[in-house]
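Take a look at this one chain, the form predicted on its own, written out in structure tokens.
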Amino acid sequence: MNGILAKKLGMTQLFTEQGECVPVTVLEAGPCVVVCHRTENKEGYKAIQIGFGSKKEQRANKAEIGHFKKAGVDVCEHLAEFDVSDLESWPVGKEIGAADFADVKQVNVSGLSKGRGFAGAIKRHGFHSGPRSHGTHNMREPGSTSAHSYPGRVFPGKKMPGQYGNKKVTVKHLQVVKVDGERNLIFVRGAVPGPKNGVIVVRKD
């Protein structure tokens, strides 16, 4: 298995043996449970589906309750699929935690970035502001958006004001600084997308 679901707890710092202060993000990776198998005969590919986080049955519909009862596990809040080479090594009901990443040096982290609503070009794309002298009206405006009279239109993909954030973001090659198998914690160097308590997908690099 090449990945796991985790919850972003926040950021802190660790000190290495050389005395270097390292900024890290703490991820609560698990415990996750194997819910079902995806086989080549039925679905056309080989993978396992894992669940993460508890969920009250009254908050789940009948289809979700039946799906988890068939596996004999509690109802989970989040589901994800990960590729495996051998399904027999990951039976239904098996628990997965941070200890499975003890030997991993780098990971790729995916999450939903913080939604910032409708934002201007300065906040969204880092544009420079206009002059702030007397009489100016172009302090935070984006400026010209199109070409000359030909083609006389705005090209697709132009950086303009619009929805900022609330998109899937993947940060690659993050160094795993420490793994705490007893508490299911993974400490990765640097920042990861999403708010505190947000669900993160951690994959082996």
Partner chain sequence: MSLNIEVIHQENTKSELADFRAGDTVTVNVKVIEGSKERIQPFKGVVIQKKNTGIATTLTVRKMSGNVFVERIFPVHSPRIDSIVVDRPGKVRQSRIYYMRDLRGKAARISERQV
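Residue numbers count along the first chain shown, from 1. Everything quoted here is computed from the prediction, not taken from an experiment.
What follows is about the form predicted in complex with its partner chain, which we do not show.
Engineer: In the model of the complex, does Ala191 come within 4.5 Å of its partner chain, counting heavy atoms only?
Structural biologist: No, Ala191 stays farther than 4.5 Å from its partner chain in the model of the complex.
Engineer: Just checking whether Val26 would be counted as a contact of its partner chain in the model of the complex - the rule being heavy atoms within 4.5 angstroms.
Structural biologist: Contact with its partner chain, yes.
Engineer: Can you check whether Gly53 is within 4.5 Å of its partner chain in the model of the complex, heavy atom basis?
Structural biologist: Gly53 belongs to the contact set for its partner chain.
Engineer: If you check in the model of the complex, is Pro195 within 4.5 Å of its partner chain, heavy atoms only?
Structural biologist: Pro195: no contact with its partner chain in the model of the complex.
Engineer: Tell me which stretch of 168-176, 39-47, 26-34, 132-140 has a heavy atom within 4.5 angstroms of its partner chain in the model of the complex.
Structural biologist: That would be stretch 26-34.
Engineer: Could you list which residues of 14-31 come within 4.5 Å of its partner chain in the model of the complex, counting heavy atoms only?
Structural biologist: Heavy-atom contacts within 4.5 Å come from Leu14, Phe15, Thr16, Glu17, Gln18, Gly19, Val26, Glu28.
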